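So this first bit is one chain, no partners, the form predicted alone, shown in structure tokens.
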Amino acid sequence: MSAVPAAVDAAPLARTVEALLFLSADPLSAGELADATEAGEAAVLAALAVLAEQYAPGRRGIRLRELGGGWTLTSDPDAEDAARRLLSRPRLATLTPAQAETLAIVAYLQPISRPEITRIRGVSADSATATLLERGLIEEAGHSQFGAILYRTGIQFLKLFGLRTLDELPDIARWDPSPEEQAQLRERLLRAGEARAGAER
């Protein structure tokens, strides 16, 4: 059998192995790859040979390397300076529950004003809104009939959640509670409100 047909046969498995190497933070041995793909080690080694050819030095920005008894994907050393500049940029911090809740309200009800967000959340939305604005996750979108600033999600929101458009937001009806769930939730919220009011006295 010639080398070309073998490479062709190994191509589908090579794609799967490539995906596993991409997803794994640690090098994967041929045995681990064989277990995950339910293929023999010989087939995995053939798939790795296909990837080694595709990721040969000078061909791509990614290299296939054997490290610590396993295989992993790394960046090409020639890209090191550019990678350092990219990774030295400030990273977006994790959203707090208040920020995430405010962002969800804006995403599904935009354009919406800060007083409306506060009314829905039951607590002030000033700090969360200011932080979301600063991070570019929301932006101003005109004024309401009462003069309040309206907010909508920004491009950074789409990037953060991997959306092409807002049409790709999950259907909110999936989380629409039944009448029984609504009653239970209302009761829990009332109890929580009473407990908070008692603690503030």
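Remember, predicted model here, so these are calculated numbers, not experimental data. The numbering used is simple: start at 1 and walk along the sequence shown.
The form predicted in complex with a further copy of the same chain is left out here; the points below concern that form.
Of the heavy atoms in residue 86, some are within 4.5 Å of a further copy of the same chain in the model of the complex.
Using a 4.5 Å cutoff between non-hydrogen atoms, residue 40 does not count as a contact of a further copy of the same chain in the model of the complex. For the chain shown alone, residue 69 is not a contact residue for a further copy of the same chain in the model of the complex, no non-hydrogen atom being within 4.5 angstroms. Residue contact with a further copy of the same chain in the model of the complex: residue 46 places no heavy atom within 4.5 Å of it. In the model of the complex, a further copy of the same chain lies within 4.5 angstroms of at least one heavy atom of each of the following residues of 55-88: 55, 58, 59, 60, 61, 62, 73, 74, 75, 76, 78, 79, 82, 83, 85, 86, 87, in sequence order.
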